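One chain comes next, on its own, written as structure tokens: the form predicted alone.
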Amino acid sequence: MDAMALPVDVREIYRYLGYRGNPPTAEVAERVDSCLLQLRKASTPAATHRFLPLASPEENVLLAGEIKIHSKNLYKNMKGCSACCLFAATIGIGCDRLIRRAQLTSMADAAILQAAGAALIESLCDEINRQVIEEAKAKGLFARPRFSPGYGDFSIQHQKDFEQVLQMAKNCGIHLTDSLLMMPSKSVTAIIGLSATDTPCILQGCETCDHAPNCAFRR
């Protein structure tokens, strides 16, 4: 996947930088564009995913293949699902290298690169999400919002399961530290529930959905 082709809304970068309502100055906007271009050139996006059967043997417990997950939040999100998709994605080590260099010369650029990296990895996840949705449709299934370890009561310890099932180091170059952080740092793992019943869920997730406050599948 080509980083230059991934769509990035610069307003998301402004939001990560703390701009709320008021647009940045022309100087900041120019700096953001420059840093984003550097980041695109340095990034090497990679991803892997795998479909698994999903079962709920008891309330708040999910069995995704051989993985046993205890999580009220995830159980609520995936109630009624018969399958799921695990995926891992990264924009590569280039972002981390750019940030380390910028920290020696310009902390402002380092902050912009952090924000741009967050926006770029989310864009990559959206692309993978779209691919999963299309593959699921071919199986007669519909996707729920993606859900990542560390969110709510979905323990970050399950990063080990993602590593085992997806062989992340081999397939997309993601390694786990002893504290279960991912390297490269701009990497994401997530699980997507798949059910035979369509839902009004949108790709951008619960945070931007008008139905979220009353949704049974809210993250």
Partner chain sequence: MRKPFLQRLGHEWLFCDGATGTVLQAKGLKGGELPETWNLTRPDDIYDLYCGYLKAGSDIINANTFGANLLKYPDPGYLKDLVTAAVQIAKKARTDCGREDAYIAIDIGPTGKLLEPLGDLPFEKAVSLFGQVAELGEAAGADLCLIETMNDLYEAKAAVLGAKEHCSLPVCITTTYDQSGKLLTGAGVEAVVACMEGLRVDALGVNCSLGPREMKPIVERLVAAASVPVIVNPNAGLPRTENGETVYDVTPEEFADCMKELAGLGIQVAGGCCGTTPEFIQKTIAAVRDLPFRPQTQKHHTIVTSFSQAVEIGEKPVLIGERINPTGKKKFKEALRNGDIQYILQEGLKEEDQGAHILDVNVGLPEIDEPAMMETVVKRLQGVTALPLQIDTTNPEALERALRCYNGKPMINSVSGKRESIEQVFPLVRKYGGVLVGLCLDEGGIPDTAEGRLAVAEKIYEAADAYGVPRSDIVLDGLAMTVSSDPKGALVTLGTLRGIRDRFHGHSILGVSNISFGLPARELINSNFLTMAIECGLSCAIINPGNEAMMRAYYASMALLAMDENCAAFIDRYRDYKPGTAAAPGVSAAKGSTASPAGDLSLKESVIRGVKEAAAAAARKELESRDGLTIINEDLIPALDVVGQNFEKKTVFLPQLLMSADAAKAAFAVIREAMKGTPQKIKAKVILATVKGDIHDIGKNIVKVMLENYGYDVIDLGRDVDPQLVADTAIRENVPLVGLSALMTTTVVNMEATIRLLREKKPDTKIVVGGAVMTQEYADAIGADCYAKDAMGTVRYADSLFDRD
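Positions refer to the first chain, counted from 1. Note that the structure is a prediction, hence the values are computed from the model and not measured.
Keep in mind the form predicted together with its partner chain is missing from the figure; the text below concerns it.
- The closest heavy atom approach of Ile99 to its partner chain in the predicted bound form falls within 4.5 Å.
- Shown alone here, Ile133 lies farther than 4.5 Å from its partner chain in the predicted bound form, counting heavy atoms only.
- Taking the partner from the other structure, its partner chain in the predicted bound form has no heavy atom within 4.5 Å of any heavy atom of Val61.
- Its partner chain is not shown here, but in the predicted bound form it comes within 4.5 Å of a heavy atom of Met107.
- Only one of 80-88, 107-115, 67-75, 123-131 lies within 4.5 Å of its partner chain in the predicted bound form by heavy atoms, and it is 107-115.
- Along 141-169, these residues reach a heavy atom to within 4.5 Å of its partner chain in the predicted bound form: Ile156, Gln164, Ala169.
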